[in-house]
Structure formats: structure tokens, C-alpha cells
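Take a look at this single chain in C-alpha cells; it is the form predicted on its own.
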Amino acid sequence: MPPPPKPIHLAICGGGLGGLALAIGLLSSPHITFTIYESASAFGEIGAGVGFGANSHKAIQLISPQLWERYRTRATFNGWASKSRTWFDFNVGAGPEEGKRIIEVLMDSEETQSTVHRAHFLEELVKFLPEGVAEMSKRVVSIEQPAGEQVRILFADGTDARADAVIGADGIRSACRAFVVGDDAALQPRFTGAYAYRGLIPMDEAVAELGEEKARNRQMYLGDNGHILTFPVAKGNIMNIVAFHGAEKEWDGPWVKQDQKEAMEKDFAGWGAAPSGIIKLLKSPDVWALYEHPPTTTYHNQHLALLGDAAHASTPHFGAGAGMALEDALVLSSLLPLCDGPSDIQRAFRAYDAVRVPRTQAVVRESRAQGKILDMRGEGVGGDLEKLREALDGRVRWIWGVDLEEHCREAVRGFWKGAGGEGAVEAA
């Protein structure tokens, strides 16, 4: 009989969706323990609605069937049964063809796209955590990896902690990231030349303004240098709005600015009836600058690995960012239990890199191109409605259609071969 695996203790730095999903995925491995270090004073999510596609749904199911059942109690699907397979109805939002339907993009099966309020999903994730595994107000300031010793994490409050490995799941402004990719300014988050207004509208007001179909089902309105999307959240009681617009200059000031109604009205002046009605109903939208991470060839350095936006922050034009964090969590929760002890952790991280770097870097790259297409400025597409139909119907399907079980098996094969490589990607 082989000896039992040696204990492994992980530090998960970041208590968002990806970090907590990883923690849940590791609960069935008795030789792995973890502590979650969250920089805020309590678990919480920034932002409102988030979308998940078929790949994300599968990731949740594979991480924990029980979590999937809890997720479905919070998730919102299109309001009409006849729209259960509709990703978005795409419409012309401005110009001489305003109001014209471009395409209804249909998914391969029902319930393969859902939306949820971030805070509501986080509440469900937290319920799965054992008592005493989380420490709050722990902002990472440094990570040290002395040879032959555990990793040391230093926090802003003057305390420290030690672990056999660290998972940096601390978002786009990750403190952990610099200890993987370095602190070169060229590797810091970069402004993508666009920003997004965000807000919520009570569904009864949205229905009165837009009608039942447009209010209760996912819609997107495209125009030159901007696009507006809407979808139901909170079990159909609220309509979530995200309105994107191209910037004329580099972003100045904080990444999020509050109460931007006047600026929004200026950006979307002259748009059609539905977009204008949506903007009219918004009380005090925030505006968020859209940043992404430049390409990197690895998400780990020795016993430190990155997950989610800390590794590969992307623009939201595929609605895939949070789903990629869940996929990361799934792959890591498939690999780390294979480790017989701390000495195997680097092998697990190399196998993680080999499958996750190519896929997630492609999402970052292609999502930015998708934003241009949605703004009717895509290369070779522009405002040509026929070319838009083709692009909108085809460009997202590779994200939904991944075989996540095979994706995990590929990672596991890499682990057992002791291989993995660095998953090199082209610079963008």
C-alpha cells in the first residue's frame, strides 16, 4: 500500500468568486487544507450582474454538484421560455437603421446562458466554507519564497503567514501578480481605450418603457463607437445595464467614477428610442474604465500561482471573465489533490499553465477584438450588417463549446508526465 500523501496547506489570497470556488473544489481532499486571506473587512463583490455561459455552468457542476444546485436558486435566465436558447438579440441602436434586428444568436441548448448578481453568488459560495478558514483585512504586500522553506506572505497590518503554496486570486489589481510576472510597468494593467456605464433599473419600470420582450430578455444595441447591453438579474426583478463607449484619450483618475448620468447622456445623444429610454431610467450610473492585462507566458512562479483576473484580466465583451476564473479553479482543484506532498506542487502548476495560458490569453485577445465589432468598428466588419451577423453568431462559440472534462484530463496527463511547459503566447 502506498504511503498516504503528506499534508499540504494553501494560502488563497482573495475571497472572490474564483478563490472561493477553488476552496470548495478542494474540500474533498483531506490532505489539503487552506486559509483564505481577504483584503476587505468582509466578503463582498464589486459590480452588479455577471453572465455565465455553458462552459461556466459546466465548471460549476464539476467543481461541486451541490454548488450548481445552489447557484440555480440565484441565477436568472431569459424571462420568456421561447427565448431560453437566446444568447442576445442584437439590434441597431443608432443611425438610419436604428431599431432593426441584426441577429438573434441561439445557443446549442437551453439554459446555457445565465446571469446572477455577483453578491448573491458569493453568498452561496461562502455557505460551503468550513468555519475558521477565512481571515479578513489581510492585504498582501509581499511574498517570499526562501529555498527549502514554506512560502511567506506579508500583510499590510504587519502580520505574516506561511503556506506550502499560494494562490493569488486577488483580482486585476493583484498584489500577488508582481511576484510571478515581475513589476515591469509594461506588465501592469493597461487601459483598453473604452469605458462602461453600469446601473440597475427595476423591472416594472423597464417593462413600462421597453415592453415585455426587450425588458425581460437579453438585448444588445449596437452603434458607432458604443454598444448597450441589458439582461435580467435577481430572478427577473431587476434589469442590469452596461453601456460601453470608446474613449478619445487615456483614462484619467480613478477606475470607477460615480454619478455619471450627464456624461452618459452626452455619449449616447442621438441614439434610438430603446437606448434613450434605458438611459432615461438610470438614476446615477457609475462609469468603469476597462483595463486588461498584457500577455504573459506563465501564471506561476515556484509555489505561487495566479487565478482569474489576477492572471488574465480581460475586457467583458464575451461575458467570459468570471467563467475563466471558475475554469481556473476547476483545473487547479483537479491537479492539486494529485500531489503527494509540497514537493509536487510545481509540477501541478506547470500542468495548470500548459492548459490555461493558451485558452485564457486567447480570451483576452479575442475579447478586445469583439469589443471593436460590437462598436461597429471591427476590422473588415464595420457597420456592415451581414458581416456583423456572421461575426456575432460565430465568434463566441469556441468559448462555450470547450470540453472541460477533457481539458482537465489534459492537465492531469501533463501532471503525470511531469511536463507542462510554459504555454507561450504571442505578445499583443
Ligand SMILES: Cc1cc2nc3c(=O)[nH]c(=O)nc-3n(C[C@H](O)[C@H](O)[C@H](O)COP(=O)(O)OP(=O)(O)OC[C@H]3O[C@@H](n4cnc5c(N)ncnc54)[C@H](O)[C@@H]3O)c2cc1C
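Please read these numbers as outputs of a predicted model, since none were measured by experiment. Residue indices: 1-based, along the sequence shown.
Just so it is clear, the following notes concern the form predicted in complex with the ligand, a form of the same protein that is not shown.
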Problem - Output flag, Asp89, Lys266 and Gly371 jointly within 4.5 Å of the ligand in the predicted complex, heavy atom basis - result: no
Fill in the blank from the handout: Checking Ser29, Ser39, Gln61, Thr35 against the ligand in the predicted complex, the residue with a non-hydrogen atom inside 4.5 angstroms turns out to be Ser39
Problem - Contact assignment for the ligand in the predicted complex, among Leu290, Ala215, Met220, Ala75, heavy atom within 4.5 Å - result: Leu290
Exercise for the section: Could you tell me which of 201 to 209, 345 to 353, 137 to 145, 295 to 303 sits within 4.5 Å of the ligand in the predicted complex, going by non-hydrogen atoms? Expected result: 137 to 145
Problem - Phe52 within 4.5 Å of the ligand in the predicted complex, heavy atoms - result: yes
Problem - Partner proximity in the predicted complex: Lys261 to the ligand, non-hydrogen atom cutoff 4.5 Å - result: no
Practice task
State yes or no: in the predicted complex, is some non-hydrogen atom of Pro316 no more than 4.5 angstroms from a non-hydrogen atom of the ligand?
Solution key: yes
Handout entry: is_contact(Ala320, the ligand) in the predicted complex, heavy atom dist at most 4.5 Å
Key = yes
